[in-house]
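Only one chain comes next, encoded as structure tokens, the form predicted on its own.
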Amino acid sequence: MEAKSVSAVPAKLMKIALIVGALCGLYLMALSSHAERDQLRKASVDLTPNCKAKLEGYGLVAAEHYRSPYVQAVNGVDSTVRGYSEQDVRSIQRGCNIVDDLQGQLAKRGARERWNADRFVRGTYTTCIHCHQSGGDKHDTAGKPVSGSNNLGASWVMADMYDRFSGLIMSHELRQMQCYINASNGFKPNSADDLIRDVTAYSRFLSAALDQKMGQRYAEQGLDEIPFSATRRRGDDYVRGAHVYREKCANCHGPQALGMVVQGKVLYPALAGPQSFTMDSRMYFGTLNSLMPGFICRNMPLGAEGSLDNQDCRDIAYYLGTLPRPAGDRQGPLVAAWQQVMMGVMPPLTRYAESLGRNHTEHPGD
């Protein structure tokens, strides 16, 4: 018995040593990751062309005070606020890059640039500017912010606001997490992740550049909703919506709303299918039937914004809501499985039906 107990001691020590060694290895890996993160934080930021022009136009530099050239030019007011450090400037620049190029398509090949944030997104089409157009500060020809344009600066100054959709008091950071989960069909970043911090820094800078005051509501914050009461009360009709979509939207978003990609670059986002937003997204007509119509009427079609009436916008949104897309957390596994099947089956069936229709039109006697 004593021999057995003596031989068991080295075995136990070996197990303890293996556990301690594994923990030390994980600790060393964490130290290496943190060191790399700190190095990247201190590195200069290679801006996208849009962000370079935007931030230069807003006069972003490291200084004790910040004066917005935009406010001076548009409003004739000298707005002076606390300035930004070099670290602040880099964080704002990275945040702009994330919003402008979420998938990192413009990042240097082989470079581990932190503004390539696709690790939180399942698909390859999604990017923030699809909803937050022009990088979150869309202006009209006179330089004024566009009403209902999802302005990020206006969203920041309304931080910790009541969200009637979820019934929660939501911070700017928490709303960003919802974007990754629902609008991007992705994964929730940690609230302390550099990704969240950088986009928040960029949003806060936009509010200073546009002279937006904390706690005030601006017309450009969020989207203008179009409820049923704002129509001629003809009733929402997805058949009418399909017809208007083919006339006004299909040239950009594709005949089946699966988006358009040219040479690996997403020109127009998917509005249905696996690359689209989920059924939990507020842009989904079945979840919130007034938001997507408002976005369509305010922002679409490109170059002819405002040309659709309220009923057209609701009909288009209703039609898009009938197309298959990823399920969200609220739908459960059965709905998720059904949506996956439909996303695989419907596109080829629809293409086949369209080809039959074209053949019948070209050869009516056959």
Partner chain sequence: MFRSQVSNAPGWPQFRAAYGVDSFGGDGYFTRAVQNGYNLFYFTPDYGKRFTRKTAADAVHSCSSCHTAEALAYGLVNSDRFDAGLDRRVSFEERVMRCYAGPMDGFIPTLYDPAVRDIRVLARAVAHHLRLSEGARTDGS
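Positions refer to the first chain, counted from 1. The structure presented is a predicted model; accordingly, all values stated were derived computationally and were not measured.
Beyond what is shown, the protein has a form predicted in complex with the partner chain; the following relates to that form.
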item	value
Contact assignment for the partner chain in the predicted complex, among D118, E225, D88, D236, heavy atom within 4.5 Å	D88
One residue of L258, V71, V244, V157 in contact with the partner chain, assessed in the predicted complex (non-hydrogen atom, 4.5 angstroms)	V157
Interface segment, criterion being heavy atoms within 4.5 Å of the partner chain in the predicted complex, picked from 129-137, 213-221, 273-281, 286-294	213-221
In the predicted complex, R197 touching the partner chain (heavy atom, 4.5 Å)	yes
Touches the partner chain in the predicted complex: S207 (any heavy atom, 4.5 Å)	yes
Distance check, H65 to the partner chain in the predicted complex, heavy atom within 4.5 Å	yes
Residue contact check: C249 to the partner chain in the predicted complex, 4.5 Å heavy atom	no
Neighbours of the partner chain in the predicted complex among 66-95 [non-hydrogen atom within 4.5 angstroms]	T80, V81, R82, G83, Y84, S85, Q87, D88, S91
